[in-house]
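Shown next as structure tokens: one chain only, the form predicted on its own.
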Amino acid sequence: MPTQGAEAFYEFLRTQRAVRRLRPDPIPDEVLARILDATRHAPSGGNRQGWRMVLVTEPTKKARLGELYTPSWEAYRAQYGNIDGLSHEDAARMVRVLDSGSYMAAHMHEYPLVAVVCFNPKHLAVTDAGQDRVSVVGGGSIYPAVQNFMLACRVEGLGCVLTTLLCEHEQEVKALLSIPEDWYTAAAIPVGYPVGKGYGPVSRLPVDKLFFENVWENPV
């Protein structure tokens, strides 16, 4: 049987959903310090830590990020927001998700923190660069730190969400935040205390659809 602490951790993993409705309340320095310390301990290829985060707290910069984010979100909502053919329950869930995304677009400037995740490809272990497909392995040196950051936010009672839509405006974001020429953007993470309950159950595929034993489609 898992220990009490282990069960609490598993519950965190099972309920780590996107939290987009956030309050403007400031994040105490000591809370943020613990989050950043947890983040820096994430693994990366060759332990090179080819990632950095710009913690955006200045209102004018957050407002500009929101301005850049909004048209990308509206295009995303138009493309993926069709609820035709969904069950009543699934349609209601989709509407809640879409409305929360629109809320974030409209209120990003009010959130206490937006962490912009950056990377330098020269410091990543990109072992699939020669494959005839989209390269993804480099993300293994970036997104573990993102996961550490988000789980640490959860431990501290903060809501957060991973979004990559601002990557569509990379040059504008780099100019806004004075990101060096050889560094690029991988994600943004708005952070704040939840407006409501925040985290809760998530809908995911079952284990036997995701994990195979020895050969493909031999369910565990």
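As the structure is a prediction and not an experimental result, all values here were calculated from the model. Numbering starts at 1 and runs along the sequence shown.
Note that the form predicted in complex with a small molecule isn't included here; everything after this is about it.
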Within a 4.5 Å heavy atom cut-off, is residue 163 in contact with the small molecule in the predicted complex?
-> yes
Taking heavy atoms only, is residue 51 within 4.5 angstroms of the small molecule in the predicted complex?
-> no
Residue 111: touches the small molecule in the predicted complex, heavy atom cutoff 4.5 angstroms | no
Report yes if any heavy atom of residue 209 sits within 4.5 Å of a heavy atom of the small molecule in the predicted complex; otherwise report no.
-> no
Only one of 32 to 40, 163 to 171, 177 to 185, 53 to 61 sits within 4.5 Å of the small molecule in the predicted complex by heavy atom distance, namely 163 to 171
